[in-house]
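Only one chain comes next, encoded as structure tokens, the form predicted on its own.
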Amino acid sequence: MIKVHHLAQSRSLRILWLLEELGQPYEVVRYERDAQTRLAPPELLDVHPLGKAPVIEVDGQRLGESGAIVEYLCARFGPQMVPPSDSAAYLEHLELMHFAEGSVMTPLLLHIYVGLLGEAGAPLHPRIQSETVKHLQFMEDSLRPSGHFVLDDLSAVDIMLSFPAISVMRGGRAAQFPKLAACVQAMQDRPAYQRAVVAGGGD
């Protein structure tokens, strides 16, 4: 049994969704955000030194970082979700797996944190906005006619890019990025995704 330390309203929902798609049994340990600061609770420091989620426990070991968890779970339970290592698609897979956390999340997180500064953060907003649009356009252009990234069926990259895609669509950009909006709708329509939302606490 895989144990998932899951923070409410966070990127760890991706791990629950992946496990549902792979048909692997798991246990959820849910953590609530602080009502005032919206930060993770201190209890997560007992799970990982950084106090972040997701973290999984499997075979007596703990593993953090969404990308590492997705790669591990796909290698062990879902190799069909990663292109063959000798294919051109594998290079796209590698790039987009790292893009998900290493690139696109930067302007999205800056938007949140700089927004907390009020007027003091105003000079940064145009640059953050332009970087956000640039990264989202890259995602829009990376989608295949099938509505997936890299492969023509659900892949590890789809799982990883689901969080920034869904977050942005909730911000009202569906008309600006219609292919990305359709991709998000297809993700959320999947029974496994819906089961993951329920398993994670409904948010």
Ligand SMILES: N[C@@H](CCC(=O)N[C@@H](CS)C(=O)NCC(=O)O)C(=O)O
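This one's a predicted model, so the numbers in the text were calculated from it and none came from an experiment. Residue numbers here begin at 1 and follow the sequence given.
Although not depicted, the form predicted together with this ligand is the subject of the following passage.
Only one of 130-138, 143-151, 45-53, 174-182 gets a heavy atom within 4.5 Å of this ligand in the model of the complex; which is it?
It is the stretch 45-53.
Does any part of L39 reach within 4.5 Å of this ligand in the model of the complex? Heavy atoms only, please.
L39: yes, in contact with this ligand in the model of the complex.
Answer with yes or no whether E92 is in contact with this ligand in the model of the complex, where contact means some heavy atom within 4.5 Å.
Although this ligand is absent here, E92 would stay clear of it in the model of the complex, with no heavy atoms inside 4.5 Å.
So in the model of the complex, does S155 come within 4.5 Å of this ligand, heavy atom to heavy atom?
Judged by the heavy-atom cut-off of 4.5 Å, S155 is well away from this ligand in the model of the complex.
Using heavy atoms and a 4.5 Å limit, would one call E65 a contact residue for this ligand in the model of the complex?
Because a heavy atom of E65 falls inside 4.5 Å of this ligand in the model of the complex, the answer is yes.
Using a 4.5 Å heavy atom cut-off, are K3, E71 and M97 all in contact with this ligand in the model of the complex?
No: none of K3, E71 and M97 comes within 4.5 Å of this ligand in the model of the complex.
At 4.5 Å, heavy atom to heavy atom, what parts of 9-37 sit next to this ligand in the model of the complex? List them in sequence order, or say none.
Residues within 4.5 Å: S10, R11, R14, R33.
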